[in-house]
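This document starts with one chain, in the form predicted alone, laid out as structure tokens.
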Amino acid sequence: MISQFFVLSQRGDNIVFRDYRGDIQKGSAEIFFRKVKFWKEDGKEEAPPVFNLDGVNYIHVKVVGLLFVATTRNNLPPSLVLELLQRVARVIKDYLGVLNEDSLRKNFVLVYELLDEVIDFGYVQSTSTEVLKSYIFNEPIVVDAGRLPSLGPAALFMQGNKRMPGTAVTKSVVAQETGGTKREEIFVDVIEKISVTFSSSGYILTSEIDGTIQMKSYLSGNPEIRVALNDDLTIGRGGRSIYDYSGSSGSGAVILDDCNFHESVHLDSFDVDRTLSLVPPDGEFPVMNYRITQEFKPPFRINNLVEESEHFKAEVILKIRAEFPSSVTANTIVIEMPLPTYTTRVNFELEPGAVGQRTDFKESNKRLEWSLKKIVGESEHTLRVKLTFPQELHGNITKEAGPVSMTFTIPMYNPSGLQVKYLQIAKKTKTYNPYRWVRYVTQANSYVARI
């Protein structure tokens, strides 16, 4: 059982707070935020998701910049509470449409009503959006996502100044459309988080894909739908490699190590023609989760070189090569690299004419940061970094620097090759207006190059 639940902004403002049991002192939210903001334990700059302070267990997750926190004095399974916090955030997003500080403040009555139905005296009752609709009576105050800073997946799908067709994360499952008419829509996202580790010579040491097919339906009448995947989809390792796969629009066998499905999915014909049939519940939910540990073509290649130029100086050369097609663009790329602890000065040298790039040296933890607003496929970018040290070097500098880590997001691209070939509505009416394409997005879960 949990004792408290609260949501904090990036500034530490208490947006939502509910005390279920009264066994924890007041001011726990402020104590938590101060501890997290100035965390210095274990040599880390960021607090772990679970920690204990003065006999109180603090468990938290960060969702679109907001801190969702639960406190308890009991010895609960941490994974259980972390999953609860994620589901509470998802339910709130389903009802509000947009999950951010402004929407929470404008809809605090609805949020508290949801919390009272989800958790009772610290015990979880239900986190199903569909079940909760029978007990929730307040209407959300819809926040215009177009006027707000985009913190979620909606921000990823921009083409110039034109936003691609409406995203599920900005619509409430209960709010009425303007004019009283309902738009019959269904949204499908294929999201893949990849983890890749390169050796110092550029060879792949480990590679893994954690993927999910996410769906959100606004079709009235709860019609049955059928989702068709790749015909050559294989489950179970057969020793083959998909390394020659060139992108989400190409061909080639898709080999999954394992997968699992939402409880609403029927697998009667899955083994025959790789189709899934289901009656989608209200709210956003994962239709299918899957994992791939076989080799695949990574979207980026990272090359790095560290050279000692003089007794008190060294040079680092970082080169990033985009391996995906030129029609695809990666967004929000950040490359980080730890430097020797005795580094005193860092000078950056970008390519001539570089636009949308930013460099920084974090003095507190001796780490360089290279940010790129976007990278077009098949392009290459280089950064030169000159390091200065206060004393003559001893030993190998490569043992003091690195590894290089990278985070990024690539809309409309998935390295696994998993595709949703078509989505069919069993009882289609004239009012249904589903979009005829599926969004794909690749994110870096862990992308590391060793020196």
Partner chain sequence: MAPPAQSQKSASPSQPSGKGEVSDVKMQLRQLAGSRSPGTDDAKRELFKKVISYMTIGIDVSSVFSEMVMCSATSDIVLKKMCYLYVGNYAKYNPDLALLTINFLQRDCKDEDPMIRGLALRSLCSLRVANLVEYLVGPLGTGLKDGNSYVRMVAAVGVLKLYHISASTCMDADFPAMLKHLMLNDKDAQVVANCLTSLQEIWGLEASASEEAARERETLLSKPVIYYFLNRIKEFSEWAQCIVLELVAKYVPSDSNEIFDVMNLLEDRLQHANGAVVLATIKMFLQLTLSMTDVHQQVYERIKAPLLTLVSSGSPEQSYAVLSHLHLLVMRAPFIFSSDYKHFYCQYNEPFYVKKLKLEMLTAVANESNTYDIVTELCEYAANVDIPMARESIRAVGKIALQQYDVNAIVDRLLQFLEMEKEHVTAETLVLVKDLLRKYPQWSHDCIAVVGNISSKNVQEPKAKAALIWMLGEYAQDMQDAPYILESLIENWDEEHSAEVRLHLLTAIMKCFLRRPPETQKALGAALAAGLADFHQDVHDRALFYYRLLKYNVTVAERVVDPPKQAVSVFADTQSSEIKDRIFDEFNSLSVVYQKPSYMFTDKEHRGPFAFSEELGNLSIDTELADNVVPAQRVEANDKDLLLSTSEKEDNHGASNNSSAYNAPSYDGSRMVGASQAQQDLVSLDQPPPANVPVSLAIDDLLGLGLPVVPSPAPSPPALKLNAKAVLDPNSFQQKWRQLPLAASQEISMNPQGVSALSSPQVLLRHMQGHSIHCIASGGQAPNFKFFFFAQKEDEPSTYLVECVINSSTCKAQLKIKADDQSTSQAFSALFESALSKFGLP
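So that the term is clear: the rigid core is the largest set of C-alpha atoms that superpose within 1.5 Å between two forms. Residue numbers count along the first chain shown, from 1. Predicted model only: the values in this text are computed from it and were never measured.
Although it is not shown, the form predicted in complex with its partner chain is what the next lines describe.
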{"query": "Check all three, 76, 124 and 139, heavy atom within 4.5 Å of its partner chain in the predicted bound form", "finding": "yes"}
{"query": "4.5 Å heavy atom contact, residue 327 to its partner chain in the predicted bound form", "finding": "no"}
{"query": "4.5 Å heavy atom contact, residue 440 and its partner chain in the predicted bound form", "finding": "no"}
{"query": "4.5 Å heavy atom contact, residue 14 to its partner chain in the predicted bound form", "finding": "yes"}
{"query": "Its partner chain contact at residue 275 in the predicted bound form, heavy atom, 4.5 Å", "finding": "no"}
{"query": "Proximity to its partner chain in the predicted bound form (heavy atom, within 4.5 Å), stretch among 349-357, 220-228, 126-134, 311-319", "finding": "126-134"}
{"query": "Contact residue in the predicted bound form, from 323, 282, 185, 83 (heavy atom within 4.5 Å of its partner chain)", "finding": "83"}
{"query": "Contact residue in the predicted bound form, from 234, 260, 269, 344 (heavy atom within 4.5 Å of its partner chain)", "finding": "260"}
{"query": "Within 4.5 Å of its partner chain in the predicted bound form: residues from 18-36 (heavy atom criterion)", "finding": "18, 19, 20, 21, 22, 23, 26"}
{"query": "Core-aligned CA displacement of residue 58 at least 2 Å between this form and the one not shown", "finding": "yes"}
{"query": "Core superposition between this form and the one not shown, C-alpha change of residue 231 at least 2 Å", "finding": "no"}
{"query": "Core-aligned C-alpha movement of residue 383 between this form and the one not shown, 2 Å or more", "finding": "no"}
